[in-house]
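Presented below, as structure tokens, is a lone chain in the form predicted alone.
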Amino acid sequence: MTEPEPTTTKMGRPVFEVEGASVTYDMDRGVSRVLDDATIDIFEEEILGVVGESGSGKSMFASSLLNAVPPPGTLDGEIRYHRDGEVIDLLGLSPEQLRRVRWEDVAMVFQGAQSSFNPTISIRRHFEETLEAHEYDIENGLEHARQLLADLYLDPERVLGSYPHELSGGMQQRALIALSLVLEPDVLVMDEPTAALDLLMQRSILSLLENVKEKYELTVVFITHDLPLVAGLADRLAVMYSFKFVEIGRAEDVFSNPKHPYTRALLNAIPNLDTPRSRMHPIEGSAPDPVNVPTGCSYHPRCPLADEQCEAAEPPLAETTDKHHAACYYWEEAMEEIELSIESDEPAVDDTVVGRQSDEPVVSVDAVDVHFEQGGGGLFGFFSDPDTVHAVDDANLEIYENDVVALVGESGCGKTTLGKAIIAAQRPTNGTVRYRGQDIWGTRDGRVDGEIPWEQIRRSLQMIHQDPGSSLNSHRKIKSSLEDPLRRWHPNMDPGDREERILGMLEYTGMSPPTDYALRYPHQLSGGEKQRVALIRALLMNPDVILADEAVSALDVSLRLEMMDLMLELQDAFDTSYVFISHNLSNARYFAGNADGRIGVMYLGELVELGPVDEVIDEPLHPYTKVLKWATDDMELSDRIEDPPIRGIDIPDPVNPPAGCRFHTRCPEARTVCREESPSLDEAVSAHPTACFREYPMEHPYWDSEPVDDAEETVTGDPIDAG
């Protein structure tokens, strides 16, 4: 199939023609088809967004465009690249010809920038090696590299002189984009290039990417699982399901008026700030196994419109409306019967799990600081003093029974560190953490003779990690991993009772048949299933508080609602509380909002806003909260990605945070007094306190001071991520 020519004239000629591209792997249990008959044209100077769930074939499609399928995979079909009037058969090139095409004509940016760099050489040396390998002039190439880095809001000399680990995640990703463009390719393939970054950094990079694309006349293929993220940037969207393209069209059409049932269900499953929580629904069922794809339409087991025809014959990717294609027999019915949640006329009812919060807190955090020392040791730092990282400063927070507090903010803001302090997994440098009124660390050190022993406190405070795979022993079966906490804390429990409890929890969380899942190893589980096991392991202790550290961020957007719903259901059954860590304001809104909880916003180690969910989301008070809201995916498609409403992309160094209000170096509302004084957040003053002078009385000096002059402003320290 050849795509119909788009209306935008600059995209009139194809740069890629992909026809019937398929990738297969021979496995012991059969042939795994991870890209199936992909057919699409990619046009000059367009941005094509390729979206779909994990495992849908997106990354394999990206690799196919460079004929770089990992062995022992087999790539079949036709992939033609157009260069200066010449049509090049990519699958027929010699290794040397292919090597030059990959860097000089088509470059690729991978998801994990850190894994793409050699940690033992400087960023400058990465550019030099790339230029040398392709026989480019080094000096001219480095000058071009400096311009690219400057275009991406980086200090060229600072970055070129750094090693990869000395840059933040966002800076690494931008440096990698510059490296991929140094040979001036025509096409840039980006495989989940912002997936590991905070939403603010994601949106900032997308804004910069559009500018770079226009300046250097690039064609961009942007691979992502996050449809709203790329919808405002892309000219066209191509939706993948089960290793095929199921819908292709202009971005605004696919996003606002999708034809395929899967695309419509995907949009309804994405946590966002615009849709009432009661109208968000996970997609039932699971994506197909590449070795055992259903006959007919591969989506039919999950589709509410499927009938015998859908089960028997695969629908073609055919034109539905002008320049819009969908692989569905019933696309017209889908538009009528599968209503988009954002467009529903029915009154929204956001039923919350009414919080049965207690009068007295379970955990109290009083004036807590957590500082770390870094550097000052090893071969090169032996004679230097260590630096002190201000991870958390003067934090005050109370967690009640059946409570949910969602802590949000960028990487390096201290939310995970504060969460660990709450559950006694991190000793504070100063301040006090109490469990049911008893000093936790005083109990641990024997300074306090409390009624609650240390072992009971630790058992009552549990944690779910962001990456459940790394917290599960890969060499042990699930049953064995779940038995450990029961053996430790309930040594007298009968083995039969222990097994019955484990199987009951597996069944309760949807892992059925439980006897089958109990005997599996972690690698035999999906990401969502591993996260369920991690949740079960925490709940087996009947804890009072669970720290859920980015517990859904590694899951597909279509699975996040399902996981959060399960966690809330289990909260109701086990009478537990959650401290929910997230950089995503949409996830925080859904999870805490459905439990009548609160959102706490952190910036550079400080809580800057705390309040009821709907108040914080609908009427944010702190300028930083407003920036986070701007960066969060919404369902109102703007024409293009706007410039961020912030005066600096990178977060300052927590080793030497700015004086005064720590946000003043980036705040669009900053005035000179913000450099000198630090606003405080006092929960006793209001149910929705914020640490900003703009919420102080009009007689405060802020209102008479001058706006900060960007030309005079200097950010203290170099931007880094503090974890």
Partner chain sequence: MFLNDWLITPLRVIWDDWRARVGGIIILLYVLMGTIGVVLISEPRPGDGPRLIRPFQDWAHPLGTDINGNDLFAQTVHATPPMLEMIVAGAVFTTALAMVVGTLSGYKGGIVDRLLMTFTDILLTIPGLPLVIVLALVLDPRQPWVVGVILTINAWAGLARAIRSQVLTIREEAYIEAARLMGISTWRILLKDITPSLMPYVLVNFVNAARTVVFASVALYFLGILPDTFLNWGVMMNYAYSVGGALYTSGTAHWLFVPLMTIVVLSFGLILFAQGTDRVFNPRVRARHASQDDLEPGEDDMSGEVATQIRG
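Numbering follows the first chain given and starts at 1. Quick caveat: nothing in here was measured; it's all calculated off a predicted structure.
Below, we refer to the form predicted in complex with its partner chain, which is not included among the displayed structures.
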Heavy atom within 4.5 Å of its partner chain in the model of the complex - the one residue of 337, 89, 445, 484 that qualifies: 484
Of 436, 264, 323, 477, the one that lies within 4.5 Å of its partner chain in the model of the complex (heavy atoms): 477
Partner proximity in the model of the complex: residue 471 to its partner chain, non-hydrogen atom cutoff 4.5 Å: yes
Its partner chain contact at residue 25 in the model of the complex, heavy atom, 4.5 Å: yes
Residue 302: touches its partner chain in the model of the complex, heavy atom cutoff 4.5 angstroms: no
Distance check, residue 678 to its partner chain in the model of the complex, heavy atom within 4.5 Å: no
Which of 557 to 565, 208 to 216, 287 to 295, 228 to 236 sits within 4.5 Å of its partner chain in the model of the complex, heavy atom basis: 287 to 295
Within 4.5 Å of its partner chain in the model of the complex, all of 34, 465 and 489 (non-hydrogen atom): yes
Within 428 to 458, the residues that have a heavy atom no more than 4.5 Å from its partner chain in the model of the complex: 458
